[in-house]
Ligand SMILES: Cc1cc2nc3c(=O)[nH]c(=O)nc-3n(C[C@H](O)[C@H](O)[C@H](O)COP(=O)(O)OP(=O)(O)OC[C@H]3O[C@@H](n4cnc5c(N)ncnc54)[C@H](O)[C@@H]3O)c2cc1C
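Take a look at this one chain, the form predicted alone, written out in structure tokens.
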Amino acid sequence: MSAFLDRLPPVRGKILADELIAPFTWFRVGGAADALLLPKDEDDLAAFLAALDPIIPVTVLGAASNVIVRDGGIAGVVVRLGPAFGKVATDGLRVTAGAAALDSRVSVAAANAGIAGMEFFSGVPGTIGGALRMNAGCYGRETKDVLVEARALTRNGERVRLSNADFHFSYRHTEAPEGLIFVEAVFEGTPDEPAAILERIEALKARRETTQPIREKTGGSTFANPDPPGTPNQRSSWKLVDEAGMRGARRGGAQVSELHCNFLLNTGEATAADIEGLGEDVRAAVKARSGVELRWEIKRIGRPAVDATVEGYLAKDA
């Protein structure tokens, strides 16, 4: 990999070769990144992107709570945003948060400042960057409901600003260009007493503890509900999975959670292929039982294991 690293621009942060990604993910599976970039700050990242060969792919990894990294690893450069991108500040009814800030931290910061409307972030297991990318939400609220604007870097290092409307939000989806790397977002809520907001956050956390397998090696919700919130007779993915008889189903070291069957688990020795394959088993069973084609909410990225050393210009033996 030294030849590949020689093709990368210098940084003030760190670049690590062949860095195993599994320890960074909630599932604890996945191969290595050809190169892992830990930029020192936004200027460092912008300069790196501006100088990087356009042919080299770039992947951003946040808390990796809602992602399956395949066993063959990730081609090109994986960017992991650090503390410089995790700052949170409040001003009036607005919260400004870096893309690496944990969603739960943003909800508490807002509550302490007397800003309501962001309690739902306490139940989203990820970072603000991921929330922007997929319009994350829970308990009837979504990122689109509180976002004012966001800042991002393009693949060539240019700085851009997006309004809420620019995202073209829909249920668990946005139309923001895939190449954008979000660095910061501004949210706006409504006034309320901090104690009342914190009480609601604690209630949501307690509910999540009792209904979701958050202490396991898992991700967020595996499949998006077939119908967006507010749809009459809205169908839930977990109910469809349950009706298809897939609660507790296994493939290798992967299992459908007994507690909440829209969650997949790594029981200890699962591979990424086990987890993704089990997800496809679930989709097939639901399709056969109800005719509904479940849409993956969890992102699946990287190369299958068989491709890691034999294909592509970034092959390990290149």
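Note that this is a predicted model, so its numbers are computed, not measured. In this text, residue numbers run from 1 along the sequence as written.
If you look for the form predicted together with this ligand, you will not find it shown, but the lines that follow are about it.
Proximity to this ligand in the predicted bound form holds for all of G123, R133 and A136, with the criterion being a heavy atom within 4.5 Å. Residues with any non-hydrogen atom within 4.5 angstroms of this ligand in the predicted bound form fall in just one of 62-70, 48-56, 33-41, 250-258: 62-70. Although the partner is absent here, R295 lies well away from this ligand in the predicted bound form, with no heavy atom inside 4.5 Å. Put simply, T218 is close to this ligand in the predicted bound form: some heavy atom of it is within 4.5 Å. Contact check for T127: a heavy atom falls within 4.5 Å of this ligand in the predicted bound form. Though the partner is left out of this view, F223 does not reach within 4.5 Å of this ligand in the predicted bound form, counting heavy atoms only. The partner is absent here; in the predicted bound form, the one residue of L162, V108, V186, I214 having a heavy atom within 4.5 Å of this ligand is I214. This chain is displayed alone, yet in the predicted bound form one of K205, K144, R172, R155 has a heavy atom within 4.5 Å of this ligand; that residue is R172. For the partner-free chain shown, R172, L180, I181, F182 of 164-185 come within 4.5 angstroms of this ligand in the predicted bound form, judged by any non-hydrogen atom.
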